[in-house]
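Have a look below at one chain only, the form predicted on its own, in structure tokens format.
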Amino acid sequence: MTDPRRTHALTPLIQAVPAFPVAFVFLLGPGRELIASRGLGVIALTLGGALLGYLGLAAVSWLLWSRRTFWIDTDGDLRVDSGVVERSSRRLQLSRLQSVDIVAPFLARLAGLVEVRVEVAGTSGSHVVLRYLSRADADLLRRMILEFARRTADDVAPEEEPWVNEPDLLASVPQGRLMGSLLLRSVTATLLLLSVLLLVFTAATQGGAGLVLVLITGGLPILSVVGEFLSNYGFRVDRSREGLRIRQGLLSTKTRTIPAERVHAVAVVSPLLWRRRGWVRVTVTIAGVEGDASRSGPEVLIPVAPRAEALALIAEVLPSVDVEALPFVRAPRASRWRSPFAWRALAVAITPDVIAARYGRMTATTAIAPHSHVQSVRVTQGAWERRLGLASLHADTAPGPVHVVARHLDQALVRPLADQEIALVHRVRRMP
């Protein structure tokens, strides 16, 4: 149990900063004529109005901040009390913990502060955001929450210093490799090529007047690359006792922990233009992450890495799996009529531990799911597949970016494979 406490005292001042641009926009826009009609100094009143707006919002933020406390109770649950007129008390069961992320928004980062996001299994409201804490306090709180979650889930005795844990670096993404991977993506390269062609065509047919719109739309791929570069800048993966700890971001940094037991599926993605360099991306489906706007969205274990380095990371979450040795069974030649470009890449593999599917030509993907996390097994057969004697096998896991789908297999093979997978799922779940 911990004592009730508040976030950092600078929190209200940081939360009130957005009042400045709002006040400036109003006073330089709709309020400008009102100020000018009375013969008042525009600049002086604009600055004064912005300052008053900031102080007003800071006062409201301080009142809310003073009435918000958080602590861990005797049951090992995170409690948050807040509200001025109407008090509310939230209780998050740490035994159902999904993730604890540390995020450093730009303004908070300038003051050396971060926010802590705690997520538990449940509905979209099963999370809290604690703004703002010092980096040291946030790291300590994250370790305490993870330790209390482990205690309540495993019913183990407390340790004297349970949150002392030095991370061990497993992989990092150099800036040059990150930028190269973003520029060599098929989508980015295609958009840039189309932008150049559109630029040339517009200049030849409409002259310089039509180039303004082209330059704006042609800059969208660049903006996409810059946004992802800033988001994944300094990407590194560390091993800790709680799982794989990921840190990323330049303007706004984020630190999150991926427990191995929460990973329901893994995908090794190899875009066409990356293959000569031997680069791949690893994405994962984590239980409880998909479907909430407050969450971080599709999970990337590493955005770009040499294949050997990526496979070593996969071994951290799926230690019993050798991706290179999976016994894939390829789709029959008849599948070329259903998928003429990618049929040679279609395959499925089932081992005592996992089910895997391989698909994609331009973007080759190998998706893997442990039998323990497969929630359902489906066999689908469209009209075209039926005519060709084909069928597809689906191994459904938690919602997320990874989909284990073995497409366009021989229909005589799919039913036995589905029965085998169902039997393995039942066997794994009967094990103690």
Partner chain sequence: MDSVDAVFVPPAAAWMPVSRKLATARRITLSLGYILVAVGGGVIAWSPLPRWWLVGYLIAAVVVYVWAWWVIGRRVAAYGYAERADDLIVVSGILVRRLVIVPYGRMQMVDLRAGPIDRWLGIATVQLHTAAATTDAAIPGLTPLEAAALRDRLAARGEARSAGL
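Residue numbers count along the first chain shown, from 1. If you're wondering where the values come from, they're calculated on a predicted model, not measured in any experiment.
One more form of this protein, predicted together with the partner chain, exists but is not displayed; see below.
4.5 Å heavy atom contact, residue 375 and the partner chain in the predicted complex: So residue 375 counts as contacting the partner chain.
Is there a heavy atom of residue 365 lying 4.5 Å or less from a heavy atom of the partner chain in the predicted complex? Answer no; every heavy atom of residue 365 is more than 4.5 Å from the partner chain in the predicted complex.
Consider residue 382 of the chain shown here, and say whether it contacts the partner chain in the predicted complex, taking contact as heavy atoms within 4.5 Å. Yes.
So in the predicted complex, is the partner chain close enough to residue 61 to count as touching (4.5 Å, heavy atoms)? No, no contact at 4.5 Å.
Within 4.5 Å of the partner chain in the predicted complex, counting any non-hydrogen atom, which residues from 393-411 show up? Read in sequence order, the residues that approach the partner chain (within 4.5 Å, in the predicted complex) are 396, 397, 398, 399, 411.
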